[in-house]
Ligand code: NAP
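Shown next as structure tokens: one chain only, the form predicted on its own.
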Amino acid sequence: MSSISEAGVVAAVDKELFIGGKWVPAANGKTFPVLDPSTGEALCEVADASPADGVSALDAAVAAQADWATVAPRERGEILRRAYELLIKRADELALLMTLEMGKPLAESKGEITYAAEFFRWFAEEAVRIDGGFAVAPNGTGRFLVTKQPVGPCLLITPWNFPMAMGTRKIGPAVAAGCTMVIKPAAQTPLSMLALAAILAEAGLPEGVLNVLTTSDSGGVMEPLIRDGRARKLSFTGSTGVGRKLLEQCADKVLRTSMELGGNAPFLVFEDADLDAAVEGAMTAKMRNIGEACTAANRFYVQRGIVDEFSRRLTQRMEALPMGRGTEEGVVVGPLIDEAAVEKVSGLVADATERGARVLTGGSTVDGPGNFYQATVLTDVPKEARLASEEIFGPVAPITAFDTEDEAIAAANDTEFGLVSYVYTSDLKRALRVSERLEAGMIGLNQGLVSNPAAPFGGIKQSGLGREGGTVGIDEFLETKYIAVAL
């Protein structure tokens, strides 16, 4: 671990707005606090952007767009490559910064920095692979020329749970495609994005290409920019409820949209599964990021013949997890992001137990400072329980038994969400059959982690629109132009 102190890593971050390549205070001079979720104490104050600051940021993005679009794809890729190398070089400091503002254990924060950097490396390579087409018209009298061009200025909104990776997953393809950006990180975790902006500037990103707005008034700052008409795309990661509102706002100017929204991931374990692997996968799918992930396993459906043994093993693993401040050595379960998150998880567990669910371990908050909730396993969870339909976003694993394959699939699909589903089975035919029938944009087949920069990430139904990452991720930031050529 770097010798830099907690105070030092926070002090090293610029805390003003990043507009037009310069660090500037909010126009009204206001700031807001960034809290340590493990103690509730303020780490620092950052600039609190107003709607006027938002317009200034969009002005800068619009002014930079034409020149940035003409920069050679190789140079755009080299900027991303340099940023990738800087992220890897400073991983220890950036991980500590993330743990302080978000709460996840240092090991997970370090893993996120590596994951975030990989988006820059991936899209550095994709920048030079933007292609088009040439064809003879069917009647032979002309030619079809197809090219791809940057969408234009983009509005990007990122969540607090993966404050670095959700930024690079949007910024990477936007830079590779030749788009300028205004990005607004979550108010709970602005420091990681501010540090990322400084790294991109150091890597050679031209002034005005990336503009960062930190604000406590997300709607008040971003809605005018959406309705302005000069931005041509919105990419959002967050809750489905907020996503719906943003889609309504985008309709006015017909903005291109990418929406990575909520999840309610089912985790199916069949009797023929490798039980050791299933429990290990369950721990990964449930406890990554303290359960605060849209890909987190939200509902465990286990075939009746093995449900007791699976529950016993999962309970044993969950109750052994060390809890504490993310900076402490060996900690696996850090604090939730804020008091509201703790209240939500507590309410969901209380509702389930009132409806007949049994608590095998955990099930309560922790006395003392910080937003801590115990790693929890529930069994005999009825389908009427709220946590069967609502995203938990916390360290709670609800288990329900099933008898038949059809029953499991029906239960898994009985949700408005469709981001990811997990399946454990040793039967190849069943694996393919179930994977094809599950209504989800991603399937974890005998594995509890699906996220990969080289793979398309996204969901169906009310889990979102579009895909991030993979070979298709850059297409979200490109427009296809067809040129009819007469002979």
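This structure is a prediction, so every number in the text was calculated from the model and none was measured. Note that residue numbering begins at 1 and tracks the sequence as displayed.
There is also a form predicted together with the ligand; it is not shown, and the following applies to it.
At least one heavy atom of residue 245 is located within 4.5 Å of the ligand in the model of the complex. Taking the partner from the other structure, the ligand in the model of the complex has no heavy atom within 4.5 Å of any heavy atom of residue 299. Using a 4.5 angstroms limit between non-hydrogen atoms, residue 218 touches the ligand in the model of the complex.
With a 4.5 Å cutoff on heavy atoms, residue 180 does not count as touching the ligand in the model of the complex; it lies far away. Although the partner is absent from the chain shown here, 186, 239 and 419 each have a heavy atom within 4.5 Å of the ligand in the model of the complex. The candidate stretches are 302 to 310, 364 to 372, 150 to 158, 380 to 388, and the one lying within 4.5 Å of the ligand in the model of the complex by heavy atoms is 150 to 158. Between the ligand and the residues 394, 105, 262, 398, the one pair within 4.5 Å by heavy atoms in the model of the complex involves 262. Contact with the ligand in the model of the complex, judged by any heavy atom within 4.5 Å, is made by just one of 268, 200, 282, 222: 222. Contacts to the ligand in the model of the complex (heavy atom within 4.5 Å) from stretch 447 to 461: 457 only.
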